[in-house]
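Alright, here's a single protein chain in two forms, structure 1 and structure 2, each given by itself as C-alpha cells.
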Structure 1
C-alpha cells in the first residue's frame, strides 16, 4: 500500500516516545475537561439567561455561571499548549499535512478564538449595562456560544484527518474533511460530554457556601438549581452513551482492535452506576441531593481516563502502517543525503589528487549553479556560450572578471574577484571543451 505521507524531519525526539505519549494523554485530559466546562458553561449561561426572562433567579444564575466560563476558558487555552506541542512532536508529518489540507479553517482558529473571548468578556463584564437590552445581551451570548461550539469542530476535523492519509487525496478543504465518516458523531459525543462535565461542575459549584452567599437563593431554590444541573448531567449521560455507540460503529476499522473495543466498553460501563446515583439525586424527595457526588465524579473521571487511553490506542493503531511508511521514507532520505555528502567528499579529494580535469572542480563550485550544459537556467547554457566563445577562452576570462549586461530578461551575472587568472582560464577551457 502506498500512502501520500511525507518523510519525517530526521531529528531525535526530545524525550522517550513512551513518556511523550503518557504526557500527551494526561495533558489532553486536563485540557479537554476545561474545554468541556468552558463550552458547557457558555451554553448554560445562554440557556439560563433566556429562562431568566421569565424567572429572575435564573438570570442571577446565568451571571454566576458566566463568571466561571471566562476562568475555564483561560485554563482551557493554557492547558491546550502542552498537548498541541506534543502532537506536533510525535506526529509531525501527519499533523502538518492535515493542518495544511484544511489550511484556511485551521488558521481561522486564531481570529475565531480572539472574537469568542472578546464576546465572552463583553458578555460577562458588561452584564449590568446590557441587562435592560436583553436582545443584545442574549445575542452576544448566543454568538459566543456558537463560536465556542464551532472552534472544537475545526480541531476535531484536523485530528481526525491526520489519522487517515488514505483520504488526503480526496479532501478539498475543511468541509469535505468535516464530512468524513466519524467526525460528526465524534463531535456530538464531545458536545454531550461538555454538557455532562459542566453540569457536574455546576452541581459542585452551586453547592459552595460562597455561591450561596452571593446569590442569596432560598434553600428551596438552591435545591431546585442543583436538581436542574443533575437533570442535565443525567440526560447528557444517556445521550453520551448513545452517541458513543454511534462513534463506535462509525470509527474506520484501521484503528480498531480488541484492546480498543474493551477499553471503550469498559469506560462506557462506568457511566451506568453514575446514572443510577444521579437518578437518586434527581428523584430524592428530601432536601439533600449530593449524597453520591464524590462517587459520581470518581466514576466519570475514571471513564474519561479510560476513554483517553482508548483514543490514544486507536490513533496508534490507525497510524501504525503510515508510521512504518514514514520511517522508510525518512531512511531513504537520510541515505540520499549521506550519498550526496560522500560525493562531495570525493570531489574534494579528486581536487587534491588532480583526478578531475583542470577547471572542472572550479566550474562546479563557482559556475554550475547558473550554467547548465544544455538548458538555459539562470544564465545561458554551455552550448550557447560555446557558440559565442569557441576557441576564445580568454574572452570568457575577460567577461567573468567584469561581467556586462547583455540579455534583457536575465539578471546581471555576479563578479568573481576571488578567482585568479590561471584558475579562470582553466575553467574557461573546461567550459569550451
Structure 2
C-alpha cells in the first residue's frame, strides 16, 4: 500500500449500504439535472442579452430565461443536500481527506454560492433598472455565470481527488488537484451537458401554448426560438459524444472494469437516435407539432440513469482496495484499544499485588495505546521495534527523548519529558524482553 490509509470512525451506517448507494445515485441524478438547468440557463440568458443588443426580442427572451434560472438554482441547492450527506456517510475518510487537501477552495464554496445567488436575484429583480446600462446589465450576468461555472469545478475537483488516494501526497492545494488526470475533460463534459439539458428544457418551455403570450412573440418567432434551442441541443450532444470519449480515455484505470465500460458505451449510444430526431426538427422548422420531443427526453433520461450507475460503479472499483485497507486498520486499532483496556485492568491489579515487572507499568501507562504487540496501529508493533532495536535499549531511550517521524502516512511520536532516563531504560528493556 503506497498511499495514505486513514482510520475510520467505527460507527454503524444509518441504513443498509445497498439502500444508501441507490439513494445516492437517484438523489445525485435529480440534483445534477437542476444544476445543469441552472448553469445552462444562466449562460443562455447572458447569450440572449448580448444578442438582444441588436435584436430586441432576445432581450425579452433573456429576461424570461433568467426567471427560470432562480427557480432551478433553488432546486439545485435543496436537491444537493441528500447526495452530499450520503457521500459523506459512505466515503467519509476519502471525502474528508480530499476536502482538507483543497481546503481553501472547498471553504470558499459557501461564500461563492452566496455571492452568485445574490447576483442572480439582483439580475432578476433589478433587470429593468439596468437594461439601459448595457455594461452593468451584461456585466452582472457575466459575473453570475462565471461563478456558476467555477463552483461546480471545485466540487468536481474534490470528488475526483477522493477517488485516488495515491495522488494525495502530491497535491498542494486546489489548482494542483484540478490538474490531475481526468478533471478538466470531465468538467468540459459537464458544461456541455448543462447546455444540452437546459436547451432541451427551453425547447419544452418555448413549445408551451402560453409561451407566445408570456414573451409577446408571434407564432413564427416562437418557431424560430424553438429551433434556436434545438440547434444548441444538437451541437451540445455532438460535443458530449466526443468529450465523453476523451473522458473515457483519460479515466485512470483503477476504477475501470468491463461492466463500467459497457455501461458508458451503452449510455452514450442512447444519444445517437436522439441526434437524428433533433436534426429532423432543426431541418423542418415549419412543423408546429413535435412528435419526437418525448422520445428525445426519454432517451436522455435513460442515458442519465445509466451514466449515474456507471459513475457509482467506477467509484466503488477505484476505492475498493483503499476501503479494505481502512477497514483492516480500523479493526487493528479497535483490537489494540480493547487490549489496552484489558492491560489497564491488569495494571491496576498489579499495583495492589506488587507483582509487576520493572518498566511494565510505565509501558502500559505511556506506550501501549500506540504500540500493539503484533499489529501496526498508531505506531509500529513491538515485534517491529524488537527487530530494529534488538539488544539496544539505549537506542529506544535516545529516540524517545528526541522522537521524529519515520512514516509518511503516520503521525509524529510525541515526547515524554516527564519520564527520567532510568524509567525510560526500564521501559525499553521491558519492550525488548
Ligand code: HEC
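Rigid core (definition): largest C-alpha set, two forms, superposition within 1.5 Å. Positions refer to the first chain, counted from 1. Small disclaimer: the values here were computed from a predicted structure and weren't measured.
Next item on the list: Kindly point out the structure, among the two, that is the form predicted together with this ligand.
Entry: That would be structure 1, which is the form predicted together with this ligand.
Item checked: Core-aligned C-alpha movement of residue 423 between structures 1 and 2, 2 Å or more -> Yes, shifts by 2 Å or more.
Next item on the list: Using a superposition on the rigid core, decide whether the Cα position of residue 397 changes by 2 angstroms or more between structures 1 and 2.
Entry: Comparing forms between structures 1 and 2, the residue 397 CA shifts at least 2 Å.
Checklist line | Exceeds or equals 2 Å, Cα of residue 381 between structures 1 and 2, core fit | finding: Yes, because once the rigid core is superposed, the C-alpha of residue 381 moves 2 Å or more between structures 1 and 2.
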